[in-house]
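Okay, here we've got a single chain as structure tokens, the form predicted alone, with questions on binding and movement later.
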């Protein structure tokens, strides 16, 4: 078995090298490909075909690869009958059009090969536990990259994936407070607002500040920070506000805490629209022209790292203290847990990641305005937490993608009037989508009272145990 794994790993590495070589060698061969696709020069005899071909060469001369790719697709789709697209030409054309995706696939093959070799040579068993999670994470990110290159960055699928990743971080950060610590806070939108504004203010292009702050003489900040630094500052700003608010607020319990944090979110939204702070926040006007992400891998990477840090915190001694406070404050205090200090810690950390999520949301929306961060945004995040399961990280992640997909994509056809001949289908009109969505949410809550995952987590170890148990059961039956 060990030899077989090493041989398979070697074959995967060879395949990865072949794919990489093919993708790299075809990268700059578009002019040659155009000639090989039309060996008889039929374009010279067809004006429309020549015009389509010229669009490709013009985009290439302007060093605009995206436009060249679109023009090439139109050229091939419009004149596929006249072009030679088989054999070596078809092979090179495939790698030219899908070069980035093929390079990502080659990376996955290398990771899989490394995992096989580590699994075969490891005697202690420690490395084996890390192999499958590493391969699954690589599959996730490589899959997102390939889907983005195939479906397009502006497709509805990528919109759902990008927004779902951001909402997953926001839901997990809220679950840390509401689900794992038992503090019912409704101030999430306020901390998201602080994070979004902090990020936007410090990442606006310097040459564009006069245009953005046109009513406030260009604003008081006249420099630009890198995106990652601005995101970190967004989280720190939200954490600072949480620390200050936590002093009086965390003395409250239950509904009183929820009302106090909800009031904070509404107050902070009004303050950020105050004209007196206009040189910093731009008043009630939009903040724009700040750095945004070009690929879905960015929010996936940032959200993934943040969720991993939250998971590590929950499985630490601090996380066990949070759960003890949630289950019974009197017993937790009797065991020596400082209730106020741990509540403050959970509140500040949750707010930090809410600020990071707000920064990512600003990058996704490309503009920031305080009026958009209403209490309804907090209720959306709370709804995701409840649907996924209070006290379940994987439940919050799953529910985030399902929530965004259902609300933004799957049910959108219900907003369009539909005619079957001369008969108009009743109820299908603008706004009906949200009615059906509300009914779906009610059904989920009724049938899954503890949420999709409850307080459980997705576990590879549990999956292996169930699989081995079924195999043993089948062997005994046989």
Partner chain sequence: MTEFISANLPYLLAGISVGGQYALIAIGYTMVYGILRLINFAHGDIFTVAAYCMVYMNATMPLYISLPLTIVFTVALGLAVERVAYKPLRDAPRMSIMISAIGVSYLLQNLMWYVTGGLAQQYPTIPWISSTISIYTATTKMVTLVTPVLTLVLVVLLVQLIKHTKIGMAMRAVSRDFETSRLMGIKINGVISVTFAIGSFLAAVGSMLYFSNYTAVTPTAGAMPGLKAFVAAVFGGIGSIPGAVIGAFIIGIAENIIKALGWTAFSDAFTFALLIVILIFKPTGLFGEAVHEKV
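We call the rigid core the largest set of C-alpha positions that still match within 1.5 Å between the two forms. Numbering follows the first chain given and starts at 1. Nothing here was measured: the structure is a model prediction, and the numbers come from that model.
As for the form predicted together with its partner chain, it is not shown, yet the points below apply to it.
Visitor: Counting only heavy atoms and a 4.5 Å cutoff, which of 113-121, 248-256, 93-101, 221-229 contacts its partner chain in the predicted complex?
Guide: Stretch with heavy atoms near the partner: 248-256.
Visitor: Go through 132, 280, 262, 89 and name the one with a heavy atom inside 4.5 Å of its partner chain in the predicted complex.
Guide: Here the answer is residue option 262.
Visitor: Counting non-hydrogen atoms within 4.5 angstroms of its partner chain in the predicted complex, say which of 31, 431, 65, 39 makes the cut.
Guide: Filtering the options by heavy-atom distance leaves 431.
Visitor: Flag residue 203 as yes or no: does it have a non-hydrogen atom within 4.5 angstroms of any non-hydrogen atom of its partner chain in the predicted complex?
Guide: No, residue 203 is distant from the partner.
Visitor: Please tell me whether any heavy atom belonging to residue 267 falls inside 4.5 Å of a heavy atom of its partner chain, as the geometry stands in the predicted complex.
Guide: Output for residue 267 is yes: heavy atoms within 4.5 Å of its partner chain.
Visitor: Would you please decide whether residue 438 lies within 4.5 angstroms of its partner chain in the predicted complex, comparing each non-hydrogen atom pair?
Guide: Although its partner chain is absent here, residue 438 would touch it in the predicted complex, with heavy atoms inside 4.5 Å.
Visitor: Decide whether residue 389 counts as a contact residue for its partner chain in the predicted complex under a heavy atom distance cut-off of 4.5 Å.
Guide: Residue 389: no, not in contact with its partner chain in the predicted complex.
Visitor: If you look in the predicted complex, which residues in 182-209 sit within 4.5 Å of its partner chain (heavy atoms)?
Guide: The stretch 182-209, when checked against its partner chain in the predicted complex, contributes 182, 184, 186 at the 4.5 Å heavy-atom cut-off.
Visitor: Kindly check if the Cα atom of residue 446 is displaced 2 angstroms or more between the shown form and the other one relative to the superposed rigid core.
Guide: Yes, the C-alpha position differs by at least 2 Å between the shown form and the other one.
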